[in-house]
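What follows is a single chain, given as structure tokens, in the form predicted on its own.
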Amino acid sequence: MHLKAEQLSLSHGEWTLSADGVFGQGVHLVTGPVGSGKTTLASALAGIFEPASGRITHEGISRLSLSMQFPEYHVTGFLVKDEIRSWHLPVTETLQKTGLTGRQDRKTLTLSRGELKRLHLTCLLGSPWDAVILDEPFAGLDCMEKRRVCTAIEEKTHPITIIFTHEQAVLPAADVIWEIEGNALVCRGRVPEAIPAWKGAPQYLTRALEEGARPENIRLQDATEALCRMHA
């Protein structure tokens, strides 16, 4: 099972992005500065943005979902309970997970963006998919909610998870690191070997590496544990 970009070229006017690589099973983290093309690439991999050239193939993937940055784009239910039922999920249990208990009869679009994002991600990550593509899943969430989303991702309910983000504080454990650099998608490799080559790594990882630590993954707790092992 994999999602493959073959000599892919994406363009908006004079801007172009090239991508060539295979996203196999596991959690893939794709980073890059704002405006580098993460959203465009995520949309192309999901099949809703037409590449200028090259092709995208899905091997063994029959159920794929793209989560866009703005949750309003995904709303289909007039009321919160309608939105949850549209995902074929239990209303009460889902409300508890999102911290929205008692709001089942509230109009969905009257929720704050953060609340709506929590609802959307809980529904999406709680549904069965072969591959999930998440575009800026942490945007609009506080630290507690970011950690909750990370926990859901780390449970690996979905064989392939691809995360596009510029988040630098709260990240899930990952299997493969990718970066957009110089208008091209670059695979840094598998974790933990890829961590030293990750140019856009969070500061906590960079500092740990500078001190000689070797984190086993990319989370803050991994950097902290690696430093503790050094001084034990």
Partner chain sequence: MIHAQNLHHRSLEIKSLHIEPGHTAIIGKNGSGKTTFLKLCAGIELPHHGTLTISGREPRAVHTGWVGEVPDNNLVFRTVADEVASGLRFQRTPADAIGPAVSAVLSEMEILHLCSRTSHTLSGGETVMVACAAALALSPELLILDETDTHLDRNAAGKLETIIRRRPAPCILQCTQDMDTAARADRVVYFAGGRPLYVGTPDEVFSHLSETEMYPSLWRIAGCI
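Residue numbers count along the first chain shown, from 1. Since the model is a prediction, treat every value here as computed from it, not as a measurement.
Below, we refer to the form predicted in complex with the partner chain, which is not included among the displayed structures.
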{"query": "Candidate from E93, D142, E155, D105 lying within 4.5 Å of the partner chain in the model of the complex - any heavy atom", "finding": "D142"}
{"query": "Exercise: H58 in contact with the partner chain in the model of the complex, heavy atom 4.5 Å", "finding": "no"}
{"query": "Contact of P202 with the partner chain in the model of the complex (heavy atom, 4.5 Å)", "finding": "yes"}
{"query": "Exercise: S11 in contact with the partner chain in the model of the complex, heavy atom 4.5 Å", "finding": "no"}
{"query": "Distance check, G32 to the partner chain in the model of the complex, heavy atom within 4.5 Å", "finding": "yes"}
{"query": "Candidate spot K146, Q168 and T224, all three touching the partner chain in the model of the complex (heavy atom, 4.5 Å)", "finding": "yes"}
{"query": "Candidate stretches 22-30, 66-74, 50-58, 179-187, one within 4.5 Å of the partner chain in the model of the complex by heavy atom", "finding": "66-74"}
{"query": "Contacts with the partner chain in the model of the complex, stretch 108-126 (heavy atom within 4.5 Å)", "finding": "S112, R113, G114, E115, R118"}
